[in-house]
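Take a look at this single chain, the form predicted on its own, given in structure tokens.
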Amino acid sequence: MALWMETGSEPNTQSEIADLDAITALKESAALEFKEKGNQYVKLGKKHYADAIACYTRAINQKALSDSENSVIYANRAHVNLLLGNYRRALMDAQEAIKLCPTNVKAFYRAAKASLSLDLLGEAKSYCENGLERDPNNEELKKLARQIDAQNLEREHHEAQVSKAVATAKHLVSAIENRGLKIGKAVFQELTGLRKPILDTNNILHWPVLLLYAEVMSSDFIEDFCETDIFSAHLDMMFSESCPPLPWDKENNYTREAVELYYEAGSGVCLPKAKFLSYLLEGTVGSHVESIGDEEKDVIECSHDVTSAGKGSSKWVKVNEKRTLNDVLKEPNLMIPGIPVFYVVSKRSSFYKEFRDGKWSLPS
């Protein structure tokens, strides 16, 4: 019988030809039966989708049907894979269906839908356009094309926002670097949240400034401390007679004439630009940007090494209230921990001497 013929050999007799025709007919019949059974399983619902895929696969494996018939089966299997969320497999099946029959509009629709689910918007749009070329009135394809266009617009808008956020952050880094300021690792983020400096249209920096009352470790904020402002201007407003006393200051020690500001002098390492940029982008649409650029991998240039105040001297340095914020931030022994932090103490408090003598340190 022809069933036992060697691979590659041709039938020579009428009997062998008849046997091969019979085998081909059986395989074709089995393939069509598997295809129909697969369709029935799809109609039975999700519990039978795996059975449907198995039937479609067996139909294809018969290798007995025409390209156009196999294209339909691949497109059907793509449909089930879409229903199961197997988008990559669905796309591969739809692509095979298109290769076998370039006029299979359902295959283009399913390729477009799988591509959209995989966030391959360019490919999805291309499949939609090719499908509509073959069937301009196909409502499913037209609806999907509108959905793809909407997502493309949304992505372009998002990418524009990300680019703007990254450009703003880079501009800010350059402004800080040009001023010779030194930025270290952010601390007190539980208090500062996502507050960041802002560079205005006149190229002037506006800093959020954290004030810590060292005696009780309470905090206060100056939301917008312009770099050209002097400290006394802000302290005059914060401790004016019209402002109520601090709720924990029972002895009324923290008055305008009694308060002093200090910063902590100490050693530290400037943040690499990439890390500082990531910090500035926190809380923005650019927070998930993975690659910012090779030029941002360098450390922000520090005009001076940040070293401790010196052996035997206090690490707390008093701020001259008549100086601007920018002048103080440029001090060689001041590292900005994300945003500027200053410590408020009162000359009237018993805590004052302990602080001035360097016997107080931040709670761990």
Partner chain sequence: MLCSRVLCEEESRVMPTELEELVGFLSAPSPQVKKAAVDIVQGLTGSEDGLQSLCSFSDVVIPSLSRVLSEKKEVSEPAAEALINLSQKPEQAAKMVSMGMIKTAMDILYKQGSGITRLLVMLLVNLTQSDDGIASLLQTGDEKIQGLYLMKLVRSFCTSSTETTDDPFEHVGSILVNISKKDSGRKMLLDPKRGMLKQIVRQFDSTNPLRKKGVSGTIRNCCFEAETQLENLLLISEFLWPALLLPVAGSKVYNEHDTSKMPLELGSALSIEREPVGDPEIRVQALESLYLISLQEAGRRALWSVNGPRILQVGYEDEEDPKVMEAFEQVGSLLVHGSGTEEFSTESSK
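All of these numbers come straight from a predicted model, not from anything done at the bench. Positions refer to the first chain, counted from 1.
Absent from the display: the form predicted together with the partner chain. The rest refers to it.
Contact at D200, F221 and I230 by the partner chain in the predicted bound form, all three, heavy atom at most 4.5 Å: Affirmative, all three are within 4.5 Å.
Just to confirm, with a 4.5 Å cut-off on non-hydrogen atoms, which of T57, S29, N326, Q40 contacts the partner chain in the predicted bound form? Exactly one residue meets the criterion: N326.
Counting non-hydrogen atoms within 4.5 angstroms of the partner chain in the predicted bound form, say which of L120, V187, M238, M92 makes the cut. Only one option qualifies, and that one is M238.
Determine whether any heavy atom of K99 comes within 4.5 Å of a heavy atom of the partner chain in the predicted bound form, and answer yes or no. K99: no, not in contact with the partner chain in the predicted bound form.
Can you check whether K63 is within 4.5 Å of the partner chain in the predicted bound form, heavy atom basis? Because no heavy atom of K63 falls inside 4.5 Å of the partner chain in the predicted bound form, the answer is no.
Is L84 close enough to touch the partner chain in the predicted bound form, meaning at least one heavy atom pair within 4.5 Å? No, L84 sits far enough from the partner chain in the predicted bound form that none of its heavy atoms falls within 4.5 Å.
Please tell me whether any heavy atom belonging to K46 falls inside 4.5 Å of a heavy atom of the partner chain, as the geometry stands in the predicted bound form. Close contact is absent here: in the predicted bound form, K46 is far from the partner chain, nothing within 4.5 Å, heavy atoms only.
Given a 4.5 Å cut-off on heavy atoms, tell me which of 47-55, 318-326, 31-39, 63-71 is the interface stretch with the partner chain in the predicted bound form. Result of the contact check: 318-326.
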